[in-house]
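Here you'll find one protein chain in two forms, each presented separately as structure tokens under the names structure 1 and structure 2.
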Structure 1
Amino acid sequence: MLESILLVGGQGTRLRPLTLTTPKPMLEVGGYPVTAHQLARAREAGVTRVILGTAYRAEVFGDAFGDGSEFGLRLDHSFEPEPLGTGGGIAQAGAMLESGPDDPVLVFNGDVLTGIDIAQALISWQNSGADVGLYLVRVANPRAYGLVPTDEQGFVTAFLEKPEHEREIVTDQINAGMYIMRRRIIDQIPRGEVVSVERDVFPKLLASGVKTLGIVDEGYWRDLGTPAALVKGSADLVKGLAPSPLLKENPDLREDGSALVFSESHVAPDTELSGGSVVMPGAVVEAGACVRGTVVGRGVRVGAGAVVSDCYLAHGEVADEARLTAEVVC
């Protein structure tokens, strides 16, 4: 048994108005909701049970994933009527865990695409003797994330969430949104209170000397918090840069990775579909249209001769002969 908690309760403010109706983890990238890719990846890595930490628009997750049997997982839903923050969300979901006190529990942010070998990360953590493991990546501009410096042995020395001062930018290593935590560590987080795992829990754990391994990975990583990242992430899945079991043997994926075209869509023969585009079920792409690096959502129509690049088309219609670049349409 390997249990995990997947946090999907955020409001996705930077993605409004897309997230007014659909919570961010349920937005479709690479043909499927972000959460579906994450569940499939977790299953592949040996996770047997996932507890979804929901708050904002929780009902959508129940409708989409139910008991998880479609993914070969046991799925349970933890609901926060008032959002409890990342730490509070982990604590509340943690009350449903069945693992023993020293067993590892995986915790995932619900809005990242990653290439990390999760099973291997778990082995590295086990070998280190640490109580906590943090998946880290290096980025050019770390300021918008949680900064996580490590010592020569790879153990975490500090956790600085979204630092405001230049002097706090002490590393380019950031929290990549996956944690390994012994169950007893999760049990220490206060329940029923608003708690931030990044601002409250990790700094306190480090101050009290809890051994925390930094697992730095050089592979694919992307936070899907902005429209541009959402569009890029979707194309990366289709192109195979971001691994997902849902795309591996998908019959609707073109062999060269240029596009994922669901068979329930309508695409005229003389069209260009490229750059990792997705044409969702019920979408229509008319004659002579050019669709590059774009998600054409369910029921969306791209008119004849239109040229659409790097867009997320969630709803509506692109007029014949229109030119559209890097736009969200909803």
Structure 2
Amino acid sequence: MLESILLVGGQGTRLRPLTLTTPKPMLEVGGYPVTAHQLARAREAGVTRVILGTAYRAEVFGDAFGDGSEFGLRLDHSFEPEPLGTGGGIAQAGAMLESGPDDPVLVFNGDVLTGIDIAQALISWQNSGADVGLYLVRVANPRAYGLVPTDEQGFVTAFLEKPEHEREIVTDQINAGMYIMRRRIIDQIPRGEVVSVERDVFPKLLASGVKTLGIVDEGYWRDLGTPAALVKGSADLVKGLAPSPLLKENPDLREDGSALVFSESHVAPDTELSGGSVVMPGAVVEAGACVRGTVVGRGVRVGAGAVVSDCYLAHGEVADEARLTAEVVC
């Protein structure tokens, strides 16, 4: 058995008003909720049981995924009555784990798209003899992130706050939102308390001598915390830049990656669909419309001759001949 904790309790304030009724990890990108892509990826990597760490609108996850059998997983739900932070959420869900003390547990943030080879990352961690593994990515401008430098063997040497000056940028490596932790490490995190895994747990583990491997990956990574990132992530999934087993199996995906057009939608013959657009079930795209890099949500109508580019259309209607660019309609 390989267990995983998937943290999906955040409120997604940067994505309001989309998240006023829908939890951020349940927003649809590439034709499916973010959480669905993550569950499919976890199963592909050999995970057999996932514990969802829920808080905000927790009932939505139960209604959507049930016991996980649709994904070939055993799925359980851990609920936080009050938000406990990333570390507190891991500890809360950790109480439900069945793994042995030294068994690995994969922990995923619920708002990240990644191309990392999860199974290979697990092998690298096992071969290193570390107790904790951190998925790291390199970014062009690390000023907005906490920094995670590593030594020549790949082990983490420090956890640094966001740099304020150029001299403080000692690495371009940042925490990318996936962890491998032995069960006994998770058991050490205080339960029922607000704890940050980034600011509290990892620095204390490092100071106490716990070996932490930095698993640096050069592949795809995107934080879906803003509307622009949500739209871009959806298009990247359709174009195959971000991997998902759900897209590999979907017959409605166009071979050239230009669009995912669900059969339950209606698209007029003389339309242009491109840029990794998604037309969800129940959506309508009228004659002469041009849809580029856009998510056309369930029941949404794009009027005749309208042009929409890089938009997230969650509800409603785009008028005939309208022009929309980089807009969220909800």
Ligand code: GDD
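Residue 1 is the first residue of structure 1, and the numbers go on in sequence order from there. Just so it is clear, the structure is predicted and the values come from calculations on it, not from any experiment. What we label the rigid core is the largest C-alpha set whose atoms superpose within 1.5 Å from one form to the other.
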Open item on the list: Does the form predicted together with this ligand correspond to structure 1 or to structure 2?
Closed with: 1
Open item on the list: Does residue 98 move appreciably between structures 1 and 2, meaning a CA displacement of 2 Å or more on the superposed rigid core?
Closed with: no
Open item on the list: How about residue 225 - superposed on the rigid core, does its CA move between structures 1 and 2 by 2 Å or more?
Closed with: no
Open item on the list: Following rigid core alignment, is the displacement of the residue 162 C-alpha between structures 1 and 2 equal to or greater than 2 angstroms?
Closed with: yes
